[in-house]
Structure formats: C-alpha cells, structure tokens
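This document opens with one chain alone, in structure tokens, the form predicted on its own.
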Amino acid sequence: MLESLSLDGKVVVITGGGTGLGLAMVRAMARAGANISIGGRRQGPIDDAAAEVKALGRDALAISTDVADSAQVDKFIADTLDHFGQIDVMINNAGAVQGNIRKPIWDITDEDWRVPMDINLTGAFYCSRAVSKPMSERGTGKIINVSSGFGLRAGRDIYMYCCSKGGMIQLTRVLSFNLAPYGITANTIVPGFIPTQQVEDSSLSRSTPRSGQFLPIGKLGKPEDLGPIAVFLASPASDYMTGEMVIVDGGGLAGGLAPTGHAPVIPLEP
C-alpha cells in the first residue's frame, strides 16, 4: 500500500518553494523520491532549497520566476521540460503575502488590487495553462493549488487575499472538470493558521490568532504539516480524487471558530 505514496521518478514543479509552506513541501517531496523544479522570485532561497533536494540524492532545478509574468512562467516550464523531459505534478504555491494591504475598500487602489490577484490567482492560472498541454500529451498529470481558509471566509479588510484564494479554489474545480478527460487531476490544499515568517511580516498577522486556543485541536499548525498532504495529492494514492479541497486547519473551519476581527476576543466561560 505504501508504494502508492512513492514519488520515485516523478518530476514535481513548485512555485514559491524557497521558504515557508513551499519549502516544507519541497522537503517532503524530495524525501518521497521526487525530482523537483523550484520557482521563486528570489534566487537565494530557491538555490538553498534545491541544494537540500540534491543532498537527498534527487535532482533539482532552481529557476527565478515571477509567476505574474506569463513569459517567465512559460520559460520556467519549458526549461523544466528540457531538463527533466516531463512534468508529473504542478504545485501552485507562490503567494503575495506582503502585498495584501489592509485598507477599507474605498482606499484600495487599482495597483493594490492588481498585484496580489496577479500573483496568487493569475499566476496559478498561468502555471496550470503552461503544464496542461504537456501533461495532456502524456495522458497523466496532477495540479495542486495552495489556497487558504480565507478563501472560504472573509477577513477584516484583506480583500485581495480572500478573493484571490477563493478564486484558486474555483480554478481548481474548473481545471478538474475540464482536464479529467486528459488524465489530469486538480485538487486544493486549504491551510489554516500556520505561522511563517512571511505571514508574521505582513498585515495578515493581524487577522490570524496568536495561539491555538480557539482551534478545536488546540494548537497552530506548522509548515511541516502540509508536506505529507502534498505528497498524498502528488502520488498515485490520490488518482481517483479530483476537484476537491483538503482542509488542514486544526478544525477551525469545521467548528466555525475562526476569529472575525469584528469584536474583541473575550475569555471563554469555564
């Protein structure tokens, strides 16, 4: 049974793979046997991630890519195909965390709106578009989008983040519906409150709890919690699963316990 979770011989492409959740998924994929092509805007972090993959005996590429630029995305995918000869899995993880400015809607400029939407949603579309044809020609492939609990609920004055992450869930559904005849599946990982340095440095930190006391599981998540989920969705074990969400949030959405920011947090009754 465990053989169905192996990624030996598979080629995984992941955006935003140099830090945070992306790096945790890169490490898990490599340990499961995958060769990996890592895209990110900063060369240093993705070079370090690729070095970790190679230290595990796998092959890796690190290609500086801005997913909001379709020409860069097309080159990223073309260079990956030139090197590995195939792409088995596309993980759309790159996200504009720092670009999500908390403002009343009447103060949001066109540029404020455009940048996070271009990176989070349009970038996932560009990458999915670029890999879908070579995947369809082989009759197999998997697309994994990394959304957020904020794609399913509102957040205080974080319009672009909520809308772009919600759009990624719908993109997954449309991809799954239309690419299924070509042997391609598409699924979404929906992380909950998982502290990363990028979140801590952004305005999103004001919309997330500082501890797990309001989550049924009683603790915040770690980036490493996403690694095994990503491996499952990338592996043959999930072949009959498409168009679905895997929510990894300690039960927050299930319990309806996520703070809204519209009222002060009050002590729970004993």
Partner chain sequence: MPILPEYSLSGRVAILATAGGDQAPILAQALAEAGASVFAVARRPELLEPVLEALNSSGPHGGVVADAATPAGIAQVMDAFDRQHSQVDILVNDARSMFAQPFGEITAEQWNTVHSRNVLATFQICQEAGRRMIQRGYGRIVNIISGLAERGMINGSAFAASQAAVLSMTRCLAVEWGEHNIRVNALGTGWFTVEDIPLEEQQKELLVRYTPLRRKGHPRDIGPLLVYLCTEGCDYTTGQAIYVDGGLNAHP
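Numbering follows the first chain given and starts at 1. Just so we're clear, the structure is a prediction, and the values are computed from it rather than from any experiment.
Below, we turn to the form predicted in complex with the partner chain, even though it does not appear here.
For a residue to qualify, one of its non-hydrogen atoms must sit within 4.5 Å of the partner chain in the predicted bound form; all three of A237, V248 and L253 qualify. Partner proximity in the predicted bound form, defined as non-hydrogen atoms within 4.5 angstroms of the partner chain, places exactly one of 169 to 177, 124 to 132, 109 to 117, 67 to 75 at the interface: 169 to 177.
Among heavy atoms of K54, none comes within 4.5 Å of the partner chain in the predicted bound form. Taking non-hydrogen atoms only, A50 never approaches the partner chain to within 4.5 angstroms in the predicted bound form. Interface residue remark: A28 is counted as part of the site for the partner chain in the predicted bound form, having a heavy atom within 4.5 Å. Interface membership of G221, defined by any non-hydrogen atom within 4.5 Å of the partner chain in the predicted bound form, is confirmed. Residues are counted as partner-facing when one of their heavy atoms sits within 4.5 Å of the partner chain in the predicted bound form; in 1 to 29 these are M1, L2, E3, S4, L5, S6, L7, D8, A28, in sequence order.
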